[in-house]
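First comes one chain, alone, set out as structure tokens in the form predicted on its own.
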């Protein structure tokens, strides 16, 4: 498939999934909370277009887009968010605790960085040639565990890419009030190379990610990729301190509009129809699925496996 069309389709599926998710939440059909990545789709699409399916990924509370771009199935994710037994982790993880193949999520951003760093160490010891990626936000720059991890990753030359998605707000705290000094300087202090882009253009992000991933995979040690982006929706559902005019202003950076201009009208319309159809089918199917029972029977053949298909 053409690179431009493939990237557009990935971003479109993420956008339509997240929009449907907000509607389902408002209708009381979800189990637990949810944080959507509307506006940040180019990050996931660009990065996962240049990684390997076997690379280890640690995402965070805003991880639906990462999961879908990684190759996760919308139906299984929808079922998980509805708390259904057919969900990615049997309806017990919800939005923030997902494990599928080599993809993991957790809502504690400062806490996931040491774990991802340990995963990178494991890949280096096993000499698999795979790398680890960990997604953090601007708010994570205030967490001490991050800097302990950066120090170890640099000292041991671990194969890890630290992806900082700066959407300019840590929940409701603007970055100007939460982060002192230079973001690139936080990584450079440990001798970690920095790729930085202030963009929602998926091609720019894909290019930067390709270069950064290439350095990590070639044994160049840890690398950081800083993407200054925009979150169109509230942090969670309604906790948004931004003024209406600011929300209107940042819409000019819509990655779908920017990249969609590179495609024909026919391609855009076909992609839109396909995305809506697949998302409708995913949520309709998931809504009819059963809830998990109080106990789970694990087949004997599955005992000891790290990724159970429950």
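The model shown is predicted, which means the values in this text are computed figures rather than measured ones. Positions refer to the first chain, counted from 1.
FYI, the form predicted together with a further copy of the same chain isn't displayed, but the following is about it.
Screening 142, 214, 71, 129 for any heavy atom within 4.5 Å of a further copy of the same chain in the predicted complex leaves a single hit, 142. Residue contact with a further copy of the same chain in the predicted complex: residue 148 places a heavy atom within 4.5 Å of it.
Interface residue remark: residue 232 is not counted as part of the site for a further copy of the same chain in the predicted complex, having no heavy atom within 4.5 Å. At a distance threshold of 4.5 angstroms between non-hydrogen atoms, residue 178 is in contact with a further copy of the same chain in the predicted complex. Although the partner is absent from this view, residue 220 stays clear of a further copy of the same chain in the predicted complex, with no non-hydrogen atom inside 4.5 angstroms. Contacts between 182 to 196 and a further copy of the same chain, taken as any heavy atom within 4.5 Å in the predicted complex, involve 182, 185, 186, 189, 190, 191.
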